[in-house]
Each structure stands twice: as structure tokens, then as C-alpha cells.
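Shown next as C-alpha cells: one chain only, the form predicted on its own.
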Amino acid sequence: MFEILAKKELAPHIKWIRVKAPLVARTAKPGQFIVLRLHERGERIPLTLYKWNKDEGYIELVFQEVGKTTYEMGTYGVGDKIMDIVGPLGKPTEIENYGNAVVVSGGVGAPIGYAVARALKEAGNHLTVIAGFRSKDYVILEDEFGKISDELLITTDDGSYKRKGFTTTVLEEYLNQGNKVDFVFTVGPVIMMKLIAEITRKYEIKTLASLNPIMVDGTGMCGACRVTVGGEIKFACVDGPDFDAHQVDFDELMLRLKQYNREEKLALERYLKGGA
């Protein structure tokens, strides 16, 4: 059992929790994730590792209430316990001193974007962070990004905070201004990552995308998280979650993510009505 040590709301339906998990914290690295199960009847879901402290033995997670399990987890408070946490899983992000690095995150991709951005800065990179959100109400981790980045560019879809527009537009403008970029890491909505990859391909910039396919066991056994990269089948949980963004079949990934939309909607509706 894994006890929740602290909890707060970062934005509407976006929660942060600190959980006692010493074995996970001991070996966690940027870009990795965990798979958790709330209770015996719960489903297994992956969540990105946002922060961790190996000395104090805790990990920090950020999640958005979008489905049955995340809504249920949103009701958990300090002192409550999560039944299972497995991790750290996945390959860590390739961190090195590339020179000028840009991290592009969208929405609740921000936590993994932060973990990778912090590591890139610690490796000696000049760091620019481009973070996009739906609106001012949904901006998260601004202060955290600000402390580690040389330049932080925030954009909102509706223009209610900072500038109006999408991360793709900001990156395109940044490159058109003559800024030299050696490496881009992107995480967030699949369509955003696809468009970021199209931009960086033109400039021949090494780009990694952190993928978020449907995942069950997180160990490569179930095959649910398969993605096509460079024409080959890969399992995001063991081969990723980071892949060469210029080789990913994003269209296939978007289709696979919609595969269980109906079942996910029904499960949430049943839960919100008081069902299991």
C-alpha cells in the first residue's frame, strides 16, 4: 500500500499528489512513469513521474480527472492509500548537453515536460520551454518552469493568458527568428506532437516525442501500447515512451487512442452515478 502524503488542486480537475514509494523514488529518472491500481477492483493506469525524492522516499504525480479511475483518485486525500504502484517503467529520456534545447509541452503534458526540462538544464543546456494550455484557468507549473528555464514562452488557446495561439506557432516563430536549436523534446496532445515534428523535420532538429498510447501492464506483455515507429512495431512501455518524432506514425496513434472511447465514457458515467 502506498500512502498519499500531500495533495492539492493545480487547476480545475487537475490534481497533484505526493505518495510514499521509496523503491520507485530510489531509481526514478526523467521521462519514466508508473502504473497504479487504486484497489482490487481497479484498472491499471500509467502516470508520469513528475518529481521524486530518493532520500525521503516519495514520488509526485499530476493527473487530470478525465476517466473513471482518475475521477476516483481525485476523491482520495492525505492518509488514503493506493493499493499498487509499479515502477519506474519505460526508458529514461536521453539527457545530454545538446547545446540549445527546447521543451514543448501541451496541457497535462507539463509534468513530464518539467522533469525532462530540469534534467536538460542540469546537463548544461541553454533551455527554452514552450508551454501551451487551454486557457488561463488551466495553466500549471508556470513557477516551476520559470525557475529552471532560460526562456519560458506560455501560450493559451483562447488568449486569456500571455499570448493567444498554439505551441506550434510559437516554435515556428522562434525558429524563424534565427534561434539555433539543437534538440527538441515534445509531450502533450498527439496532434500537437505531430505538428511539432513536422516543423522540426524541416529544420533537421533531433526531436523526441513522449507517447501516450493505451497501456495496461506496462511491461511489454499485453501489447496494448504498440505504436509504429519507422515502419516497425514498438511497445511504448518498454521501447519508449520516447521515440524519434520524425519516425512516429501519429495518425495511427490517434486512431488507437479512440478505440475504447465508448467504453471509457460508459465507465465514467456509471461511476459518477454511484456505480462501481
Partner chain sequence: MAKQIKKQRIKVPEQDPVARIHNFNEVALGYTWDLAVEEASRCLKCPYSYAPCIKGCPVNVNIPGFIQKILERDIKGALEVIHTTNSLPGITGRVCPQEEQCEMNCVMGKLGDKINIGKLERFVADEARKQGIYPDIPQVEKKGKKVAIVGSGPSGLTAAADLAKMGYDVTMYEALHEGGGVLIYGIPEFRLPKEIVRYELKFLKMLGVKIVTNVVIGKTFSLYELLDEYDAVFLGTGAGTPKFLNLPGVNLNGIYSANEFLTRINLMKAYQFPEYDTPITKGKRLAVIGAGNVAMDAARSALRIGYEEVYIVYRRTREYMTAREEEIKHAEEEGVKFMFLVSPIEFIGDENGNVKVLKLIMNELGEPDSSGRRRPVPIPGTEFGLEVDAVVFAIGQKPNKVLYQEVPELKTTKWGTLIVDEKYRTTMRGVFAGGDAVRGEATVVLAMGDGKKAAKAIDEYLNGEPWPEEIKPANFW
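Numbering follows the first chain given and starts at 1. Keep in mind that this is a model prediction, so the values were computed, not measured.
The same protein also has a form predicted in complex with its partner chain, omitted here; what follows describes it.
**OP:** State yes only if every one of Ala11, Gly159 and Gly178 has a non-hydrogen atom within 4.5 Å of its partner chain in the predicted bound form; otherwise state no.
**Re:** Spot residues vs its partner chain: no contact at all.
Original post:
In terms of non-hydrogen atoms within 4.5 angstroms, which of the given stretches 182 to 190, 145 to 153, 125 to 133, 88 to 96 touches its partner chain in the predicted bound form?
Top reply: Stretch 88 to 96 is the one.
Original post:
Counting only non-hydrogen atoms and a 4.5 angstroms cut-off, does Asn53 reach its partner chain in the predicted bound form?
Top reply: Asn53 lies outside the contact set for its partner chain.
Subject >> Non-hydrogen atom contact Gly67 with its partner chain in the predicted bound form at 4.5 angstroms >> reply: Flag for Gly67 set to no.
Original post:
Contact between Glu72 and its partner chain in the predicted bound form at 4.5 Å, heavy atoms?
Top reply: Contact check for Glu72: yes, within 4.5 Å of its partner chain in the predicted bound form.
**OP:** Spell out, yes or no, whether the shortest heavy atom distance between Glu60 and its partner chain in the predicted bound form is within 4.5 Å.
**Re:** Output for Glu60 is no: heavy atoms all beyond 4.5 Å of its partner chain.
**OP:** Sequence order please: the residues of 196 to 230 with a heavy atom within 4.5 Å of its partner chain in the predicted bound form.
**Re:** Heavy-atom contacts to its partner chain in the predicted bound form: Ile214, Val216, Asp217, Thr219, Gly220, Met221, Cys222, Gly223, Ala224, Arg226, Val227, Thr228.
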